[in-house]
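Encoded as structure tokens, the following chain is the form predicted on its own, with no partner shown.
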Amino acid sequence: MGGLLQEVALAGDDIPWLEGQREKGRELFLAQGLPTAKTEAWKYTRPRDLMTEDFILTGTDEDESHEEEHCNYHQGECRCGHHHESQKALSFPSYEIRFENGIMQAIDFELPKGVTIKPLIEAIYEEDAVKSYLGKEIDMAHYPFAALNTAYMEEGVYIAVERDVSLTKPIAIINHTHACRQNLMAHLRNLIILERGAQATIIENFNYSGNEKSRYFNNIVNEIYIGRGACLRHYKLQDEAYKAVHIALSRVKVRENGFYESFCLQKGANLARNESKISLKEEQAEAFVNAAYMINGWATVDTTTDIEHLSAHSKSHQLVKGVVGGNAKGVFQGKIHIAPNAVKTEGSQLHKALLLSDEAEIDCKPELEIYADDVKCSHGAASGELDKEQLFYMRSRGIGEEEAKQILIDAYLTEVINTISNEDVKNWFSDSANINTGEEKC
């Protein structure tokens, strides 16, 4: 049976509360359907490429027969002629969790005391805390792809860091797709819990090998809980295949004195949306949510944020920069909500974009929703083209046109790359974007 909603057997069907969540996800996805032009939250980013009936859920019997017909990856080679060796993800030490075509691979590293990492379905059976957190903060009636993800909730990772434990190495979640495998569909659900005073860095990396024009669909939901005084730095590189669809939602809850830093660089996919819904639940909670995107061709890349200041003395900051060429379209939707009791709150938001062609497009919708006095809030948006005088100056000194353009683009993106507080990670993103950021400025 094809299509986005299929009848499949999933692990954990003997757990009533889990099956109840899955059934609710199915019902709410059917009730909403795919977003259309009339769906306000998706008016600039319409998922046309998903309106088909040919997607194959990864890990099912249909996927296995599809693999036998088209790909011998597990035998070390593929009939398509491509080698499916995953890209080297990081240039520095990390705890690496690997997914291949949406299936979690075995974990073969030792963890410090107080840190638990295991497959989500295993944690559902073994960890009492999972039931208290999983799905509790996601309003599936307003997130159709989260509802679809919940309907298939099985694959993913559970990460828990106990009270006052600090990880010295990042946790890297590597999602690799063998992109010769046409029309695969994967739904990953990650549950991340930091208890009081815990500190961790988590990196998500989405990459592919094989045909760059292959078509597949990755649908990801992260549920993140940051306890009092805890700190999470969350970084993501999305570099999917040219015809891929990538939809991701991070639902984040931050408690008193908690700190959440995130950065996302989007480079690939035909249609991509990276969305964050962040609740600063208690006093002194902070969130720094920055992003960049570099797109060309006919791609549509969407960065959507919704930050709720629900208590006094909370802070948020957003800086998003885009570089758009060809017939591509960049979308930014950013909302800051200040609750009535959230006095002494600070929230800022800024989006800038470079348009490299006459056909490139930017749709920008910044919002402030303020219900409290004595707050400091700002938002802004700007777009433009490369400075012709600077290009002329460099070309007059013997620099070629393409090289001069790249120098200006590098300089433009350096500001947002430098918001990354972890220097190893910052340098990795700079390499991924082919940017020389110069000396560390943090």
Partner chain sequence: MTEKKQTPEIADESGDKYKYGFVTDIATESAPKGLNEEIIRLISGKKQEPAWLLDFRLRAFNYWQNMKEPTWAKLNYDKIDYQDLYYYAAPKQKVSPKSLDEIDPKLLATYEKLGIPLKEQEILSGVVAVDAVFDSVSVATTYRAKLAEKGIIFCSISEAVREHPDLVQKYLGTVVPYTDNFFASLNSAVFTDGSFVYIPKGVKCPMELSTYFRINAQNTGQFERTLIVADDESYVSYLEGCTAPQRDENQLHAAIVEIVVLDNAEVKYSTVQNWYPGDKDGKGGVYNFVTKRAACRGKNAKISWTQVETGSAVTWKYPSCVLQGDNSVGEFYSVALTNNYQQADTGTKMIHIGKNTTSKIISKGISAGHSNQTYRGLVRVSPNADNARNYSQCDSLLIGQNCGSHTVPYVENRNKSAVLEHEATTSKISDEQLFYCRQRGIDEETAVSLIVNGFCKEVMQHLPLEFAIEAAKLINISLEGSVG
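Just so it is clear, the structure is predicted and the values come from calculations on it, not from any experiment. Residue numbers count along the first chain shown, from 1.
Separately, the form predicted together with its partner chain exists; it is not shown, and the next lines address it.
Three-residue candidate spot Gln6, Ile15 and Glu23; no residue lies within 4.5 angstroms of its partner chain in the predicted bound form by any non-hydrogen atom. Glu361 is the sole member of Asp164, Glu137, Glu283, Glu361 with a non-hydrogen atom lying within 4.5 angstroms of its partner chain in the predicted bound form. Of the residues Tyr44, Tyr412, Phe55, Phe29, just one reaches its partner chain in the predicted bound form with a heavy atom at 4.5 Å or closer; this is Tyr44.
Although the partner is absent from this view, Gly400 stays clear of its partner chain in the predicted bound form, with no non-hydrogen atom inside 4.5 angstroms. By the criterion of a heavy atom within 4.5 Å, Val130 is excluded from the residues contacting its partner chain in the predicted bound form. Taking the partner from elsewhere, Lys365 is found to have a heavy atom lying within 4.5 Å of its partner chain in the predicted bound form.
By the criterion of a heavy atom within 4.5 Å, Glu389 is excluded from the residues contacting its partner chain in the predicted bound form. Stretch 376-384 is the answer when you ask which of 392-400, 47-55, 29-37, 376-384 has residues with heavy atoms within 4.5 Å of its partner chain in the predicted bound form.
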